[in-house]
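The chain below stands alone and is given as structure tokens, in the form predicted alone.
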């Protein structure tokens, strides 16, 4: 989709982070926008930022994990715009922790938001695109949909599925006139880490009082958001890269070239090179977890070593 001006876009997860920056960037390109998010207050702020840019902009509260709400949103969109040129399934959530500490409800929450929301969206919007014979569907995946990061198993599972689903749609519908893309951020400085659950076995903590754990865990999350994303990019920078990729109809859209190299290594040097990348990433992520558990007063280095043994 080389020309975005005067085209119509529906963007989910537009209230903050990558979604907000995409909305502003697309408005600068002249796109009419229908913005959705579960946080209507933030969405209203984004709308205010766009109102003077000379494009149409509508907002709607939507919980994308619920099919009924996506279906109602679609009806609202078509009443206001008529035709959908660009659909960006950007809404998402995160989560972390050790796999044996993550409850099934948390697995379901992450998969509902990150994967099922896209399945619902495709079920609702794809038929009209096929009938029309044009359109562009962009799904927000992750670098964690290419590299199996440790300590984020449910998040990784959801994002691998998003990447694979997008590839499958691209393959099946290649000659229909519909374009498919998957955005794969590495680390973008958003608040998603602060607002997402992180689950650890209580045995990791030297603190036992539940109120004290709760208080110190907030300090841990703040620390982790800084440590984990300190090498990340700003949302506005990332959005500029993503919009460029959308205009060039790329299947994979990255904000850092390193993921292209990672894909190459995964394809030709899995036995040595890829395993080394996975181990290196695991070591870096654990270092951030350990640092923040200690800084927040939840644990000590010796206690973690004794508790986790060969897992670290």
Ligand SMILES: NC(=O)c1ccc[n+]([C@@H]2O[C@H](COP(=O)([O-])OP(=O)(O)OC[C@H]3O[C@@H](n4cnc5c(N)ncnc54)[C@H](O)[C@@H]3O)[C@@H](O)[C@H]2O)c1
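Keep in mind that this is a model prediction, so the values were computed, not measured. Numbering follows the first chain given and starts at 1.
Not on display, but discussed next: the form predicted in complex with the named molecule.
With a 4.5 Å cutoff on heavy atoms, residue 17 counts as touching the named molecule in the predicted complex. By the criterion of a heavy atom within 4.5 Å, residue 116 is excluded from the residues contacting the named molecule in the predicted complex. When contacts are judged by a 4.5 Å heavy atom cut-off, residue 229 counts as touching the named molecule in the predicted complex. Contact annotation: residue 63 falls within 4.5 Å of the named molecule in the predicted complex, judged by heavy atom distances. Taking a 4.5 Å heavy atom cutoff to the named molecule in the predicted complex, the contact residue among 220, 125, 155, 180 is 155. This chain lacks the partner; the member of 203, 134, 191, 210 within 4.5 angstroms of the named molecule in the predicted complex by a non-hydrogen atom is 191. Only one segment in the set 138-146, 79-87, 125-133, 100-108 has residues whose heavy atoms sit within 4.5 Å of the named molecule in the predicted complex; it is 138-146.
Contacts to the named molecule in the predicted complex (heavy atom within 4.5 Å) from stretch 277-299: none.
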